[in-house]
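In the block that follows, a single chain appears as structure tokens, in the form predicted alone.
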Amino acid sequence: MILGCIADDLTGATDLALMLSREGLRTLQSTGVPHHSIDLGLIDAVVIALKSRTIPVDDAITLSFAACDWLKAHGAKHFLFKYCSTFDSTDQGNIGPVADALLDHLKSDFTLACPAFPATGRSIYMGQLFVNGAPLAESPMRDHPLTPMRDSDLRRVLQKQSKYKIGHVAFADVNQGADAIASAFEREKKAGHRMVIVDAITNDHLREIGRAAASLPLITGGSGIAIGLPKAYLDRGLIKALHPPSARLVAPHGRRIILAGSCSVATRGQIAQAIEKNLPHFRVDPFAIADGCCTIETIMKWVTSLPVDALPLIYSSDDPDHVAKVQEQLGREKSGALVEHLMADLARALVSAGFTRMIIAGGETSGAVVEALGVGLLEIGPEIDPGVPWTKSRSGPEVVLALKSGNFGAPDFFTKAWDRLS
């Protein structure tokens, strides 16, 4: 293994694993830090998915250290801390504190922060993060229920979280290529900056950043930052070859289903289109869960009454105003936990009933489902849309899962994804 990756949520880990696999590294994903040694064989990269984005800072650091130490013990030479391409965090963290701690843990004196992911509309210019052309603070992320992003300047956002001085490598350097970027790194280090925000607008910029950063012990960013690393490792002689992934994934026999818990604009649009296409659908209301009207038995009775070739959609996603009303009456943590626990229990019941092919929309929902099913290792399959592959379990029940970040995917994602399975 050349690269060990620590991701702060499950769908982000899958997104990163897809990027590395697509660019030629044989990649395995683990849901949580493995509790035992694994024969990695010919694996080039391992991505460990944590659930550390919004937990207390000290807990996030402890989990990240455990992942880092496991990866190091299994041969990792370089490390990547992966977070969301919209820099989801608060003034307290967890991006800055975890990056600080990993720098110290790895005894490294410098790293970069670059959440750019042009394929999904995330770009950085003059230190400002843009989402589909809009400044981050003017995007739908402004009203995220857990991590509302009200400042587009990543230098200010990260400086509030980090104990180290934050620098900047601007577009003028990035656009000149890897040598200019490497020189800018040295300039920023001499200025006393231990972390730098790096501008990036295109995939070519990310490839040049990868070439310049490939020797760093630690890199931080979204999955886009990994796009240039495999080729850079090959050019440096750190790996012998690149290995393109398969275009299709062989799925076990069984029924299909979609579980959606994200309240993002993208997921709500995908739900709307699926309903327009007359997919059978069942809406899960947190109030109905709380008062006992919506139970696993209720949902399973509905879903098992459908034809075996049906594509059911079960969703709790809702618009921000209704989410705020639910949180006000039930409490933020309780309302989220009600839905997560129901989706987790539902996933177990569905697998027992013969459902083996699942799309899961939303990072929290995906994490809850994978944990409930006991899926510890995932094989990365073909890309459905930028940042979202099919995956196949290598432990736990035999299932294929598309673990979709709430913000990702085209409007027709729920209906087209199945074409990539055999």
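It should be emphasised that the depicted structure is a prediction, and the values quoted were computed from it without experimental measurement. For every residue, the number given is its place in the sequence shown, counted from 1.
Unshown form predicted in complex with adenosine-5'-diphosphate; subsequent notes refer to it.
adenosine-5'-diphosphate: the contacting residue among S123, S335, S152, S162 in the model of the complex [heavy atom, 4.5 Å]: Residue within 4.5 Å of the partner: S335.
Listed residue that, although adenosine-5'-diphosphate is not shown, lies within 4.5 Å of it in the model of the complex (heavy atoms), from L313, V339, V351, A178: Only one listed residue qualifies here, and that residue is V339.
adenosine-5'-diphosphate contact in the model of the complex: V323, any heavy atom under 4.5 Å: Looking in the model of the complex, residue contacts with adenosine-5'-diphosphate include V323, since a heavy atom lies within 4.5 Å.
Touches adenosine-5'-diphosphate in the model of the complex: T220 (any heavy atom, 4.5 Å): Looking in the model of the complex, residue contacts with adenosine-5'-diphosphate do not include T220, since no heavy atom lies within 4.5 Å.
4.5 angstroms heavy atom contact with adenosine-5'-diphosphate in the model of the complex for S264: Contact with adenosine-5'-diphosphate, yes.
Non-hydrogen atom contact D318 with adenosine-5'-diphosphate in the model of the complex at 4.5 angstroms: Within the cut-off, so yes.
All of L146, T365 and G406 within 4.5 Å of adenosine-5'-diphosphate in the model of the complex, heavy atom check: All of them do, each having a heavy atom within 4.5 Å of the partner.
Which of 192-200, 255-263, 300-308, 224-232 lines the interface with adenosine-5'-diphosphate in the model of the complex (heavy atom within 4.5 Å): Selected range: 255-263.
Stretch 30-55: residues contacting adenosine-5'-diphosphate in the model of the complex, 4.5 Å heavy atom cut-off: Nothing in this stretch is in contact.
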